[in-house]
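Below, in structure tokens: the form predicted alone, a single chain.
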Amino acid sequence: MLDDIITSAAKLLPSDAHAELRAQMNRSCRVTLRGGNLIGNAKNETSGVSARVYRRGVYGFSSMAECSADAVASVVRAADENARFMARRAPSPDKAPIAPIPASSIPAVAPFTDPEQKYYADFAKAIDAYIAEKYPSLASRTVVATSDSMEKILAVSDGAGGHTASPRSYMYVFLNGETTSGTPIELYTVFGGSGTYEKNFKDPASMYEEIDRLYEHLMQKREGIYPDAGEKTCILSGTLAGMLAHEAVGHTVEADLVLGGSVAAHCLGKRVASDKVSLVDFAHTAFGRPTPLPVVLDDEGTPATDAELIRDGILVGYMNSRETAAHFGMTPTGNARAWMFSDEPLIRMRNTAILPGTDKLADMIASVDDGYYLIDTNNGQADTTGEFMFGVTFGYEIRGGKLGRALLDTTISGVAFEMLKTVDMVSDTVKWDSSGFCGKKQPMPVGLGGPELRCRVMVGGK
């Protein structure tokens, strides 16, 4: 755990400007087995301090890869000097101040420790041994044990401060085979979530059922077909709905990208989806339970609260920093986060999800005469116009209201704010995913989720 050299140093922050002082430590661990052979074994730790000062509409920033009292004094001094220098040359000296927030306290961080590297390797070996014994005909298999954490101590001149930590840990299982025609195919599944490796992974046997299901899907994919290309009625799984929420909608409503000209710049208060679609960026609690990756405080000292983005199909808000919240006349909700001590906070998503509806998945499938149920994805991309393209690695055709043959790899594409207007059924459950990183200038752990959606979407075919 980080030693607190920040709280006592808060007195160094300038009294006539907004200022932030942060110490941070990032840790990561990764063990990779391929075909039972150890091919990767890495552990990293990076720490340092940074300060940021806001004057006359501009920020000054400084960081140092050292956690000491001298480093703290140095970065505070340099950040203020940089802010004063920039302010003298600011093109808009009368720019509105950043949005104020009431000072408050946050829950104390729970102490945590990372297990020895051997724990990761032994657990991965147990999973690999199960797959090798039960499914020897696989073309190949890969097991990856991984964890990362961001630990921060923050002091802010006019907001909340405190000590936060966000460990998360995962196990990836990849199975590879071939279609009957000899084309390579792959499927994977992910276990884990928020918390340390010892917390999330105690008994390898608890994963066997899901691994068996993954193998069954791979065997179905061996006999799979390519979908017919064109606009089709599809049911998107919660995984794909979550990717849509994050990639194709979430980024367009980050206020810095709105100011940069995203499609959402002219959509506030307007319809962007059917009235069955609502979207929220959750902070730390969703549907009465902790979010996959809880955030209680951002790196500007704003206590994290939920950001409502779409309500019944109408765009009602953006995700903001304190600076953009002042610009748009909105309330900051704690979306400004930095990946490393040397990074400035950017507007980032936390746990972005489409809200569940009232429909049952079985009824949704039964309602489709000719279409597809799209389940898994391995990648996705979108731009600030809301145009997206996602890879689909597993799914089924639907014929006459019943699931048919499995699908081979394909894509779906469209424009989010147009495609979401076609949503006419929304399931009553939410599937969360949290193992990836968002890549907006800096990596950032995020959660994304959603229910199944019935909609019209362009399918790529072969």
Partner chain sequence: MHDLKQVAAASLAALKEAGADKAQCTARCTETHEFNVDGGKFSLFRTLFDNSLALAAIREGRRGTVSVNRFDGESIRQTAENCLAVAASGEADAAWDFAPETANASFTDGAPEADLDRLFDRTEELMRDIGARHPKILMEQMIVAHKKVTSVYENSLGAAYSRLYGCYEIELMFSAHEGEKSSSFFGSYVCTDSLDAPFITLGSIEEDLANVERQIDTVPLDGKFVGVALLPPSSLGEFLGSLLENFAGDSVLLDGTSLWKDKLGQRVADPRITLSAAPLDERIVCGERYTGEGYPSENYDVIRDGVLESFMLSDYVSRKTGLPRAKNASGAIIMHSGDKPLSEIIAGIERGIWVGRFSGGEPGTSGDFSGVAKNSFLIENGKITTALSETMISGNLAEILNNVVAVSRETVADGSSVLPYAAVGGVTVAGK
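Numbering follows the first chain given and starts at 1. None of these values were measured; they are calculated from a predicted model.
From this point on, the text means the form predicted together with the partner chain, which you will not see here.
- Relative to the partner chain in the predicted complex, residues 47, 64 and 261 are all within 4.5 Å by at least one heavy atom.
- Of the candidate stretches 309-317, 197-205, 146-154, 374-382, only 374-382 has residues with heavy atoms within 4.5 Å of the partner chain in the predicted complex.
- Residue-level contacts in the predicted complex: of 266, 271, 213, 134, one residue has a heavy atom within 4.5 Å of the partner chain, and it is 266.
- When contacts are judged by a 4.5 Å heavy atom cut-off, residue 399 does not count as touching the partner chain in the predicted complex.
- Under a 4.5 angstroms non-hydrogen atom cutoff, the partner chain in the predicted complex lacks residue 289 among its neighbouring residues.
- The partner chain in the predicted complex comes within 4.5 Å of a heavy atom belonging to residue 183.
- Under a 4.5 angstroms non-hydrogen atom cutoff, the partner chain in the predicted complex has residue 413 among its neighbouring residues.
- Contact residues in stretch 20-48 (any heavy atom within 4.5 Å of the partner chain, taken in the predicted complex) are 34, 37, 38, 39, 41, 42, 43, 44, 45, 46, 47.
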